[in-house]
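Next up: just one chain, as structure tokens, the form predicted on its own.
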Amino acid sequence: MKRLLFLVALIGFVTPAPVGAGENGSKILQNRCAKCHDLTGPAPQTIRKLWERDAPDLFYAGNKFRREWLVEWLQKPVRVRPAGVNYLRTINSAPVRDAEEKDKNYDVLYGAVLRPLKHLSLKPAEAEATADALMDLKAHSDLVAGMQLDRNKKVDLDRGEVLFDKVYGCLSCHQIEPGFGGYTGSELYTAGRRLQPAFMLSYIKRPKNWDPKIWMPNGNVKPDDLQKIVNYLILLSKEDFNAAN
């Protein structure tokens, strides 16, 4: 009888396990992320496979992202790619009539793309664990080896924008503030907080090393300009565009 009362009392102090208890970061990736994201690689080797990709590859996430950004984003996902990962499905190039500019061709997003991003949101502890698991995915470490940001190659925002837009034409695909720039690439006004400098240097220098069939061209960026562009993106990421709105 005493043993039974002890067991009852013990059970009374046991807190029910929360939903998802026991899922560490790796299990969360496998159970909740692997359906959409490639966690193992390699990147698509044909245009057909690239066409089928609906979410970013994550098998080199540890060499790409900043952990603190991952933790924040996984709890409150926001759209990084205005036209989605496969913009050929969601964008149309059409003439737009304007009183001053007359007829010009602009990228036009289909309305469905402008809806809020549908992506799972994680609780703080889950986000921390998942970010740790993502940081362990370090394929292509050879591509970032030796890539080091030169802080002496800093530029101000105006000069950085001229380099980014006029010299290399990046603005045609990428936005440097909400709504300003192209839709077909990821927005870059958060890139400095989102991406590791070594990854940005390596990817901008030769994106096809990371993604052989990606549409982004190898821009033959001069070494000094490459350093200046990455420094510019880091500086740009410190701007508060929400306050401006």
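Remember, predicted model here, so these are calculated numbers, not experimental data. All residue numbers refer to positions in the sequence shown, first residue = 1.
Not on display, but discussed next: the form predicted in complex with a small molecule.
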- May I ask you to state whether A55 is within 4.5 Å of the small molecule in the predicted bound form, using heavy atom distances? yes
- Message: Whether T184 contacts the small molecule in the predicted bound form should be assessed with a 4.5 Å heavy atom distance threshold; does it?
- Response: yes
- Task: May I ask you to check whether C173 falls inside a 4.5 Å heavy atom distance of the small molecule in the predicted bound form?
- Result: yes
- Query: in the predicted bound form, does R66 have a heavy atom within 4.5 Å of the small molecule?
  - Reply: no
